[in-house]
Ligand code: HPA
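In the form predicted on its own, a lone chain appears below as structure tokens.
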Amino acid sequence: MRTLHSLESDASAAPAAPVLQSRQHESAQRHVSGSARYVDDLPLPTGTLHLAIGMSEVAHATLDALDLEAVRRAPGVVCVLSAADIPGHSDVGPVFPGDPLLVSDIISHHGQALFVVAADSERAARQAARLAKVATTPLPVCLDPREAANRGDLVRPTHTQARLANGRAGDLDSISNKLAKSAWQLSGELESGGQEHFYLESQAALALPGEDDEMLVHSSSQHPSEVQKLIAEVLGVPFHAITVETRRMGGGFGGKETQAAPVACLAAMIARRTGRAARLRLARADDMRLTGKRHPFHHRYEFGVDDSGRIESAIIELTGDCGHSPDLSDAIVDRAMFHADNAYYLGNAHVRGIRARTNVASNTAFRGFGGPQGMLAVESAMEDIARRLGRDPLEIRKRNLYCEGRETTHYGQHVNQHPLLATLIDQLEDSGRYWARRAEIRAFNAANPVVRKGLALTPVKFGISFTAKHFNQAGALVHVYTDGSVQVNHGGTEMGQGLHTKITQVAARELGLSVDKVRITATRTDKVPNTSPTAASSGADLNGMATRDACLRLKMRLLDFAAEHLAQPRVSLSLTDGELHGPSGVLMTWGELIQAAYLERISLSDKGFYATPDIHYDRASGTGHPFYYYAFGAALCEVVVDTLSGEYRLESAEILHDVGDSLNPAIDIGQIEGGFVQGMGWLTTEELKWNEDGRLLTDGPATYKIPAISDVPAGALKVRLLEGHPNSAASIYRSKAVGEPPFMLAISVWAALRDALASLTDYRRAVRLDTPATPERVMLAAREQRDWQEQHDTAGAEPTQVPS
């Protein structure tokens, strides 16, 4: 009998159909026809209660009194609960405490949940919630993370990574001294704004009470196991009493990794108190006020470079606006620090991450998980160096890429497959006619004093794995029924990204079946327990490997049975195209094999498990190997800018992205397109605004602008997958994750805007351009560039040049 290990070795060969093929999303037709069921679409039992949350109208205060009598007497109201009514734990912080389910003493942000109302209709619940009388004593409101950091008001301690180019540990003084010895020094600051997740389906949950203390909760969550845990703790019952199910989400983007749980907990609390089903679905404005965003950051940087523009030393300080509580901010700022290099070798590097507390909703996970924010400082510096030395930004970027002899990060990890960075840029530079277009754009700008064009080609290096080591695990459960159909359940959740489709392909490939034989069922905590969130781009990597593990075990058992049952050599048997093949050809169909195995009492079910190997990080020293591998990409973008009004347009975007051997090229290309456009929104149009009292002003589509179809260049968004470079790590069929890395390709749009603005000073000065780079900010930056040009009367002078 061959071992599972030997079968794994066989399966590591070049994978065959039905993976490595473009296949339609498993719910595509249901999505476009409207028949796909989300939490708010589920049929409701008779007597279901509808919930509304009473929210704070102040950002920071003591809660002196909460009078809910008028709420309880309102028409249709059945139940009203406040913090005093929570039977178990009242803090639902996902990692560290600080997130009260309902406020009992201190209000920490405008819109924070104070109480929950259950009524016979949603309208009645919402109207009743407005009748509460809330007495508070104001406390100082802080909305500036720098102010908070300066006075030491942090949600978690500051963390530092410091490493010398020789591989030894460094410190700020030693690296500052080395930086001062470089031929050129430059410094800068940058503000990057937050971003609303703006998922199509707002936060929602439906709680159905069962016998005794049992409860089934349908939750629009990326992390059903955490929802299960927190509901159990809030209700004071064992975890096994709570089952959480997630069939699909209408988008998540990280916003449903932790912040779906409080909504589910409130629904469960009402269901427990009343014995009736309870549904809570947040209105868009309430969702935006109540839930956190992408972390805004303040960036400060200093770089020392040689005469060629190569970085010798770097000091980078990243201050994250974490909101009022830790949530996932410790890990998010960590990842920003891990990606402070993006694709470049920093030499002697000191990276510091500060986690500031402010009086806004606790900021949380968002596609990229801090990585995009971490990259902005070094990408800003690339432009700064180029303008200071009179060189093209692409030349500076290429000179600083990780390469042989310069392939170790500032946290001590070797960058595997680093030559792909140069490969991607070289191919895109050639296919996109970079240098010819650069000359054309310079000529255009010289002839047009108002309308200017900009061009930028930027790389991406993104680490794949959860930085919290214990999350790098997954389970799967595979059943084969006696008609030969296959059912798979795994720990990942589907939010439109095509995870279930890829898992279907994996199971079908391993069992030698067509994909129509395999069905994925809703993610449930009673089928696969203790699951990790679907986040960190790891959904297919983790759950694909766990599913493959289960299928390999089943296949080994079936082939062992077939060898004995048919008196055939075990090594000669294989399952392909729905048939059992042997030395003489087809021996029996899949269905016949399953029937024979069932009659002989062979188990037709198995579970799989996978844990990512070779990852570790020592927080004390700031060094380790936190990522299993890196995904790479590059984007070439051209913009046109009206420098008087600040209006601009993306003229073209060409993307070349590394996904290893793609599991499903169509889905991967769709993820790249979506990630790029969402990243462009973060960097250009999506501006969050609060008033001085801490109230969010941009709480709906009328005031918050996500990218529209008109923001994408018609026919000029080109996406290609890098071919011929499988993943060097032993991932699922040598593929690479694709969820988050493409988001950062949009940095090329922002860099192209800066390039257009630099043309106003004959490319001699890089202007600061905070993000989002709204037309207003672009207009003000253009004005600053013209003022600088007037003050430095250098008409006709050549840009400063230095020797190569």
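All residue numbers are counted from 1 along the displayed sequence. All values reported here derive from a predicted model rather than from experimental measurement.
Beyond what is shown, the protein has a form predicted together with the named molecule; the following relates to that form.
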Check each of Tyr648, Phe466, Tyr629, Tyr704 and return the one that places a heavy atom within 4.5 angstroms of the named molecule in the predicted complex.
Phe466
Contacting member of Leu230, Cys322, Ala536, Leu663, with respect to the named molecule in the predicted complex [4.5 Å, heavy atom]:
Ala536
Is Glu196 close to the named molecule in the predicted complex, meaning a heavy atom pair under 4.5 Å apart or at it?
no
Does Ala331 reach the named molecule in the predicted complex if we count a contact as any heavy atom within 4.5 Å?
yes
State yes or no: in the predicted complex, is some non-hydrogen atom of Phe369 no more than 4.5 angstroms from a non-hydrogen atom of the named molecule?
yes
4.5 Å heavy atom contact, Glu257 to the named molecule in the predicted complex
yes
Heavy atoms within 4.5 Å of the named molecule in the predicted complex: which stretch in 458 to 466, 350 to 358, 681 to 689, 424 to 432 meets that?
458 to 466
